[in-house]
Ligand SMILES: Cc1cc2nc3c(=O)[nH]c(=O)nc-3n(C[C@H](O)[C@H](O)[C@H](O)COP(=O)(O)OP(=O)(O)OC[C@H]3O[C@@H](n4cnc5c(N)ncnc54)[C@H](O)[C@@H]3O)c2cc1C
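Taking the form predicted on its own, here's one chain by itself in structure tokens.
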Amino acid sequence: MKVAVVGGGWAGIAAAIALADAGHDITVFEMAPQPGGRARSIAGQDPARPYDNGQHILIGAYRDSLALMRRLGVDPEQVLKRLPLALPYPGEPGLRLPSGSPLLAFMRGVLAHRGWPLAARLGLLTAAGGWLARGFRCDTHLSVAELCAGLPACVKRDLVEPLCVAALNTPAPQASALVFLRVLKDALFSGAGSADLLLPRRPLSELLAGPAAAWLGERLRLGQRVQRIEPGWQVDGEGFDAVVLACTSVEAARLTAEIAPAWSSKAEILGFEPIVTVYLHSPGSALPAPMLALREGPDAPAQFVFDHGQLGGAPGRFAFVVSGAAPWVARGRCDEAVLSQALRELSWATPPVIDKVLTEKRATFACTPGLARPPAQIAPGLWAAGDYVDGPYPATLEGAVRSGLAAAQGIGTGAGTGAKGAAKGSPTKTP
């Protein structure tokens, strides 16, 4: 079949490659001058040291994302730094999981955490045992704060709240407990290494977008925003057998407003959470670890800081991440508050200065309890792919990739094709 993929982020790339591997004729439309979506690099003064549009962390459980990299000739072991899950704070070792079976590693790591009293450690293990016994399921309208209300304050402060805002980009009082439990299930209990942190040690665009652009070649049309989709399927007047909308939910809602108004309304009402990344520069400085957790507060916006010098990037560059940043965006720039937080909590060889501030106002959808996300199939022959599409995961790279693969699979197996298509393609081979 002839298939249009509208959007060249991770979801669109996953869909395009899966469809091409199945023998379909694909065209990818990307409105930006480069692919990658929100997981991309941004040029700086030094072409060899671009900035990343946020600090995107992968984990060992992201099997489809890692497989997609390998399909494009990228070795994850070379471009990602694998570390056992650890949440060290400045001057504190924090929770660290040893290697081995995830369940046993979690138990051993919690029991060995001397920063918490024994009662707090046992309380967390008891709660986790309950989640495991219930299959990591809960009421769909429960928030993370409500789910964890009975946990000791130190556990909520040092583990639940930072993990929640890192994974869901939504503060615990407003975040979906069901989605949070699914993340914990896959990270902590789905096999050896599943909870490992995979920190990019190359610019984000080199992980997937750049290799995908080279692989797609002339099938990738950059700088081309699709204006209209009509049944049939016509993409700006060009005929296709099927279409994958792998653009943002805002763009997808615009393009489907006339042809699928009910679906468009579901996509249109999604709320968003911003992420702010503040880059500081301090020559000669280094953190105790490549990544540190930070305790946020009224005068402390950032929850994590990354040392790019330890990750193969620019020495002396430090990325402070403010997730769930709506209150700070409403107040205006938070870079001075981040700089003050950095000076209070960390040691520096030279005084840090603000280097660059990147604000992604629609970084992710707000992952709230009971949220009705739009389904993957919009109409026969028209599918949606993106981290916001209905599924078990929050807005993550893995969620985006899996949605792209699912859309390609739906088209490839003939689950509703356009007027021209009629299930001519063979089943999609996922990378």
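Residue positions are given as counts along the sequence shown, with the first one as 1. What you see is a predicted model, and the numbers here were worked out from it, not measured in a lab.
There is also a form predicted together with the named molecule; it is not shown, and the following applies to it.
- Checked against the named molecule in the predicted bound form, the residues E206, E92, E345, E360 give one hit for a heavy atom within 4.5 Å, which is E360.
- Checking L255, A293, V179, V160 for any heavy atom within 4.5 Å of the named molecule in the predicted bound form turns up a single hit: L255.
- Proximity of L68 to the named molecule in the predicted bound form falls outside the 4.5 Å heavy atom cutoff.
- Taking the partner from the other structure, the named molecule in the predicted bound form has no heavy atom within 4.5 Å of any heavy atom of S143.
- Using a 4.5 angstroms threshold between heavy atoms, S282 stays clear of the named molecule in the predicted bound form.
- Put simply, R225 is close to the named molecule in the predicted bound form: some heavy atom of it is within 4.5 Å.
- Contact with the named molecule in the predicted bound form, judged as any non-hydrogen atom within 4.5 angstroms, is confined among 225-233, 185-193, 324-332, 124-132 to 225-233.
- Along 1-37, these residues reach a heavy atom to within 4.5 Å of the named molecule in the predicted bound form: V6, G7, G8, G9, W10, A11, G12, F29, E30, M31, A32, G36, G37.
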